[in-house]
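Take a look at this one chain, the form predicted alone, written out in structure tokens.
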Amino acid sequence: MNEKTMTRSQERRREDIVRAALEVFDRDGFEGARIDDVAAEAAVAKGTVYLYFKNKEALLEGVIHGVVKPAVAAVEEAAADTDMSAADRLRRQIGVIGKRLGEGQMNVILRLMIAEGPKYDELRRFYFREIVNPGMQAIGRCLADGEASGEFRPGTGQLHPQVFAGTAIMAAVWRILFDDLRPLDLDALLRDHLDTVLDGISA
């Protein structure tokens, strides 16, 4: 079903199915999840799920779009806000990544991609194309802009964006595995990381 031509009622039904799918994927994993269980969770007929998503892979792609894509859009918006300094734009971007990855729904997606991504190459490529690559490009734009304006040292535009996003991703993995043993102060971690890195690249 084409999202652009859906009625509001159909949009709500699709959102219900996406929410249900996230619950089922979280509970059973992607491989163990069944369309029947998603339909039951969403309180719709199995055939209704197939009206919106042709298969389970497309359903997970829909979940990723609904849960993760808004965070990518926020990172891209920060890159485009040239009224701010490059450093402040980077702080906003990493804050978005860190906060969103720490949320329950994003954590579910991250766990699914780590656990199931290597088994499903198309899903892995979809996630890279739709989520990872645009986010890294947006961070790279801020680095290049900061170098061009003289705010950052020469060569900063060639740095790997992962240097900036890596701590937020590590924090998300920590929350999945170790938060019950030693909770993270996410704000302090991201602040310490950015202060250290930005100090190193400032002109």
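Only the largest set of C-alpha atoms that superpose within 1.5 Å between the two forms is called the rigid core. Don't overthink the numbering: it's just position in the shown sequence, from 1. In this text, all values refer to a predicted model and were calculated from it rather than measured experimentally.
Here the subject shifts to the form predicted together with another copy of the chain, a form of this protein not shown in this document.
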Quiz item: Does another copy of the chain come within 4.5 Å of any heavy atom of residue 70 in the predicted bound form?
Solution: no
Quiz item: Is the gap between residue 94 and another copy of the chain in the predicted bound form 4.5 Å or less for some heavy atom pair?
Solution: no
Quiz prompt | residue 79 within 4.5 Å of another copy of the chain in the predicted bound form, heavy atoms | solution = no
Quiz item: Counting only non-hydrogen atoms and a 4.5 angstroms cut-off, does residue 117 reach another copy of the chain in the predicted bound form?
Solution: yes
Quiz item: Can you pick the one in 74, 132, 87, 106 that has a heavy atom within 4.5 Å of another copy of the chain in the predicted bound form?
Solution: 132
Quiz prompt | Sequence-ordered residues of 122-136 touching another copy of the chain in the predicted bound form, heavy atom within 4.5 Å | solution = 124, 125, 127, 128, 132, 133, 136
Quiz item: Using the core for the fit, does the CA position of residue 51 change by 2 Å or more between this form and the one not shown?
Solution: yes
Quiz item: Does the distance between the two CA positions of residue 136 reach 2 Å or more between this form and the one not shown, the core being superposed?
Solution: no
Quiz item: So the Cα-Cα distance between residue 177 and residue 32 shifts by 3 Å or more in the predicted bound form; is it shorter or longer than what we see here?
Solution: closer
Quiz item: Against the shown form, C-alpha atoms of residue 129 and residue 56 in the predicted bound form: closer or farther, for a change of 3 Å or more?
Solution: farther
